[in-house]
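A lone chain, given as structure tokens: the form predicted alone.
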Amino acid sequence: MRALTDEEMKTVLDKLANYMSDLKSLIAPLDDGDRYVFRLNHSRVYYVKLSIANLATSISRDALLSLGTCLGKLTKTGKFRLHITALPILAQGARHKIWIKENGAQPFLYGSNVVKAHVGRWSEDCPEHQGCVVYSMADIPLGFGVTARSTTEARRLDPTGVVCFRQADCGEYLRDEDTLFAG
């Protein structure tokens, strides 16, 4: 496990900036003097307290499977792909949100995109191709995606028009349980 290089950190923060409004809160010192850091192990980026990351240095890289919250994976081409395990962190500081009705939750959790007929409400002034977190009407985060249309364009869409392209949903815990945490 090692710290991210400057280029890797820039890639990760750029991706997180698409979904979150305040990145400073991710790395700000906590009340007890500790802080959260980003660490890389087997091409996976983890978000973990510094004190725990320091304790983990005594474990060999091959023996360490996971530590903290897995945000995603750095690909061989240098891009960063967010995993569903990053949802609690994204939901805390989400800039744009979409709430879907009960009849739209199941198709979304099975891997479908969000269509206009399933949207209960959404954040105002949401631009096109911007990251958003998808919630149920009971304010439970279900996943995240990228908006297909801006809010004003989406209002004029027909009911079967796609409003949000799914990136990850909670159903992945079941669909991808064999490969989600594997190297």
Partner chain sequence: MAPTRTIKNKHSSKSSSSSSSNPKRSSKDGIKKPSSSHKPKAKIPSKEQKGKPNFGQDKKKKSRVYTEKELGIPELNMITPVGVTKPKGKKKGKIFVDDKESMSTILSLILAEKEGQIESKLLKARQMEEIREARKAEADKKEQDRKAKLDETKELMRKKRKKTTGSNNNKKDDEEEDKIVKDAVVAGTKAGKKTAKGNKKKSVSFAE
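Residue numbers count along the first chain shown, from 1. All values reported here derive from a predicted model rather than from experimental measurement.
The same protein has a further form, the form predicted in complex with its partner chain, not shown here; the description that follows concerns it.
Taken together, the three residues 18, 35 and 39 all come within 4.5 Å of its partner chain in the predicted bound form, as judged by their closest heavy atom. Remark: residue 178 does not count among the residues lining its partner chain in the predicted bound form, judged by a heavy atom distance of 4.5 Å or less.
Within this chain, residue 43 is remote from the site of its partner chain in the predicted bound form, having no heavy atom within 4.5 Å.
Of the heavy atoms in residue 125, some are within 4.5 Å of its partner chain in the predicted bound form. In the predicted bound form, its partner chain sits beyond 4.5 Å of every heavy atom of residue 66.
Partner contact region in the predicted bound form: 23-31, out of 137-145, 66-74, 112-120, 23-31, criterion any non-hydrogen atom within 4.5 Å of its partner chain. Residues 127, 128, 129, 130, 152, 153, 156 of 127-159 are found to place at least one heavy atom within 4.5 Å of its partner chain in the predicted bound form.
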